[in-house]
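Only one chain is shown below, in structure tokens, and it's the form predicted alone.
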Amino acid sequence: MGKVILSNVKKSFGRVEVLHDINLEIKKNEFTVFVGPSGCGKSTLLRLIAGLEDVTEGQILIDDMDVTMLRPAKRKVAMVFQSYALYPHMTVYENMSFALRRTKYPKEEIHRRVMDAAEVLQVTHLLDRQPKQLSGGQRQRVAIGRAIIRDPKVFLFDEPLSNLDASLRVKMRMRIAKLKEKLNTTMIYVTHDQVEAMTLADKIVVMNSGNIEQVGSPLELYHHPRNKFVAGFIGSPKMNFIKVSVTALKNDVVTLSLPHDRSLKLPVALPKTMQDMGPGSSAELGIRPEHLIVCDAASSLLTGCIQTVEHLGSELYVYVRIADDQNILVRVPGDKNFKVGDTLHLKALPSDCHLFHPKSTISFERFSSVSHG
């Protein structure tokens, strides 16, 4: 139960179109995360599914039933808001049971559901307290419990952890992950934090400027980003993008010119829209900080001067200037000893390289071999 289909969904506020022809299928019992920068449309899309906003064009189906024009109460969804939205004058028990009491559920059934949800969320000892007597994490658990007892087909979470401090976010993230396993139902979760997306999701929907950029599993998006936006958004720290130029393209092998007169040959399949790419064309080489390997000068692909070193205990973040206008970040084990001003030589495995056209932002196919010159 809980399959969601969005078909050609558009949303406009006046003349401003904020969602452009969204097509997406969310399978039953799947944990799907909408992720993207502020203003990308992810929360608006969630509110359309909940029925809190009207669809301008398109269709929304839940379990093959068209709910596009249904009121929120008729859609069998439950939403957890960023602001908790608890009634301050009610106890935790009264807050959790409020929706069922309004719909005249039997008292015995209401009590059973509240107690079951309270046990799952470990708030049984808080049932007699009011929201002002709770911590932020406890309030969020109560808000989630209020959604659970409605037994919805789909759970909707709108940035539920954004008001919590860093350590509490980690704890609540673990609770939500466990909740996913216990409830075994469809969940749609909105966040701008790609770490939350990577750790919670079965499927991630990356959004940008009202469009879906890519849909896939966390590892699929990490290893096979469709374009530069996805590559730069998924992963922490962000992927490095290095300006390169094409010096030759023959038999699907591209030769690139890199800083410090280094060259790189990569077998790559070009999309049909980019077959005209040739010598003199610009491109960007993408390599994640954790995939750069410290090496000797003879085998290096990149060479630069260390600008800053951040000590994080188990690892170091090393900022390296490889050209006048290009800096990259390298993540290395914390037991390494690097100093500002040192020269660093780096290389990368072919499977960890990505090539992007800077104008179209399309990613080329993955590389099977690599050579440095």
Partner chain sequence: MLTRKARFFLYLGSLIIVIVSLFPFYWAVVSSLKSGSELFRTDFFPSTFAWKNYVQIFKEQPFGRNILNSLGVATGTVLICLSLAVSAAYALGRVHFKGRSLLLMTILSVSMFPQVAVLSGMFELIRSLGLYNNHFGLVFSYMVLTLPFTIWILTTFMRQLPKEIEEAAILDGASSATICFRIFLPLLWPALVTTGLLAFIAAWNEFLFALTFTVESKARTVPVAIALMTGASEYELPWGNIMAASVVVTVPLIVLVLIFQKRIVSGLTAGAVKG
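Positions refer to the first chain, counted from 1. What you see is a predicted model, and the numbers here were worked out from it, not measured in a lab.
Below, we turn to the form predicted in complex with the partner chain, even though it does not appear here.
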Identify which of Y222, F229, F98, Y105 has a heavy atom within 4.5 Å of the partner chain in the predicted complex; exactly one of them does.
-> F98
Which one, M174, A85, V253, V195, lies within 4.5 Å of the partner chain in the predicted complex by heavy atoms?
-> A85
Given 146 to 154, 184 to 192, 107 to 115, 207 to 215, the stretch touching the partner chain in the predicted complex at heavy atoms within 4.5 Å is 146 to 154
Check whether R47 has any heavy atom within 4.5 Å of a heavy atom of the partner chain in the predicted complex, and answer yes or no.
-> yes
Is R288 one of the residues lying within 4.5 Å of the partner chain in the predicted complex, judged by heavy atom distances?
-> no
Proximity of L52 to the partner chain in the predicted complex, heavy atoms at 4.5 Å | yes
Might P72 be said to contact the partner chain in the predicted complex, defining contact as any heavy atom within 4.5 Å?
-> yes
Residues within stretch 316 to 352 having a non-hydrogen atom within 4.5 Å of the partner chain in the predicted complex = none
